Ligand SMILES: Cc1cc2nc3c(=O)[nH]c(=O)nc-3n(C[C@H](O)[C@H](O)[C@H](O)COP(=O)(O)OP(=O)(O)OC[C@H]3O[C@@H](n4cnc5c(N)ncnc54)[C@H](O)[C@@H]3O)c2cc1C
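Only one chain is shown below, in structure tokens, and it's the form predicted alone.
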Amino acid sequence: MRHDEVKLIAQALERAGVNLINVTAGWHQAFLPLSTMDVPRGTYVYLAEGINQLVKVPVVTCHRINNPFLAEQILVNGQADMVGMGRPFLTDPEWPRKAAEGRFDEIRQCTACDQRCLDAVFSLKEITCTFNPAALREKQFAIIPAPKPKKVLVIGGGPAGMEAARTLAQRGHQVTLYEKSPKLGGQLNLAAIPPGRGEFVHAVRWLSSELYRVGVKVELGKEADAEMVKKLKPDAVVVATGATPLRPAIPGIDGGNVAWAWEVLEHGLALGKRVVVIGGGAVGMETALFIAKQGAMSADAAVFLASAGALDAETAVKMTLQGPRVTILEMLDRIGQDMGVTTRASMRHHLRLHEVKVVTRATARRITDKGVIYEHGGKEELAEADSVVIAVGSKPETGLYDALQGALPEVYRIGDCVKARTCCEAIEEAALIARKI
């Protein structure tokens, strides 16, 4: 239904006695994303604004509004009379109180990852929140003071390590966190780099600031080995050393035209005009989209040129989609099987817009200077490429955990160093372990 038609219906509803109109953009059968992370904040406010100009009853706007400053600006602008939110209150039930008290930095913002809310609904699973595993499970995840405060070391500053450290400190333990890199966040920092995934930055910021607020001692740029940990004589150690990329046994993988997904995301390597990504899981899809947008016109530049009349709008939009030609090779029968249904649908939408070619049931046999020879349907084919990017998963980094076995009274491991999984499992596991120590 078009906006003009909805305006007529809204006016008719007002005449019929309706006393409030809640304006949404649709439901998940819509042809474009509505509530996923890639939707810019406040994108659909214009729909409520169009109704608000025509009726006198209060109008509510919603979709991708998770920030008190944006919500307030909408009201100040007169675009709507009220702002509706749902998922942000799963992430932080104290959102309204913190906003009212000016404690904006303490608000844990919804990232619109959808993994434990909307995806859970569609999978008929328990609803909670990736970054707040206590959501709807408050009794199970209650913060209870430790009967005996302990000296606890947390090794690793990714999402699991940070969640464990802050929860342990909240319970009264003396906590020190060691992170070998110069910044906190771990793989969440990489997850925030692909287009449309930037909300993860706010999760890193919140977790980082909470560590300092609750009194965790943070040691950055210091790699903890077994000897150092033993010398510190902690009462308990939580190992959250994450995972390292898998290295598939593909002939030619050591070639100069081969790069790893994390290298591409972190360093923005020059890859040429034709790129093959081996692996069609979440990392492979996100990396493919990141590559496909390299060299394309920015959205800001397109708007500038179109509004100035230098380009017509259709041409400007097309130029934002003209990047390298990317092909994804995936062994399974579909891509994104480690993604939730909402994010997978949105990601596939963007890959189609950028004309990323997807070949499923394709097994990479060897890499040459011309590209990737892969088997598909019993035949070998060549996917031509200037560069080949490997994104085939990760393996747990268990060295420190193994070295500490039997050396200390309590040694735990959490997150990807148990098994490479999603951020959901890592944070939930950390939250549970931190409540048991």
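Each residue number is its position in the shown sequence, starting from 1. These numbers come from a predicted model, not from an experiment.
Although it is not shown, the form predicted in complex with the named molecule is what the next lines describe.
The shortest heavy atom separation between Glu223 and the named molecule in the predicted complex is within 4.5 Å. Using a 4.5 Å cutoff between non-hydrogen atoms, Thr241 counts as a contact of the named molecule in the predicted complex. Not displayed here, the named molecule is approached by Glu179 to within 4.5 Å at the level of heavy atoms in the predicted complex.
Using a 4.5 angstroms limit between non-hydrogen atoms, Cys424 touches the named molecule in the predicted complex. Contact with the named molecule in the predicted complex, judged by any heavy atom within 4.5 Å, is made by just one of Phe290, Trp206, Trp260, Phe200: Phe200. Of the residues given (Gly185, Pro234, Gly336, Pro324), Gly185 alone sits with a heavy atom within 4.5 Å of the named molecule in the predicted complex.
Heavy atoms within 4.5 Å of the named molecule in the predicted complex are found in exactly one of 353 to 361, 99 to 107, 164 to 172, 190 to 198, that being 190 to 198. For the partner-free chain shown, Ile155, Gly156, Gly157, Gly158, Pro159, Ala160, Gly161 of 145 to 173 come within 4.5 angstroms of the named molecule in the predicted complex, judged by any non-hydrogen atom.
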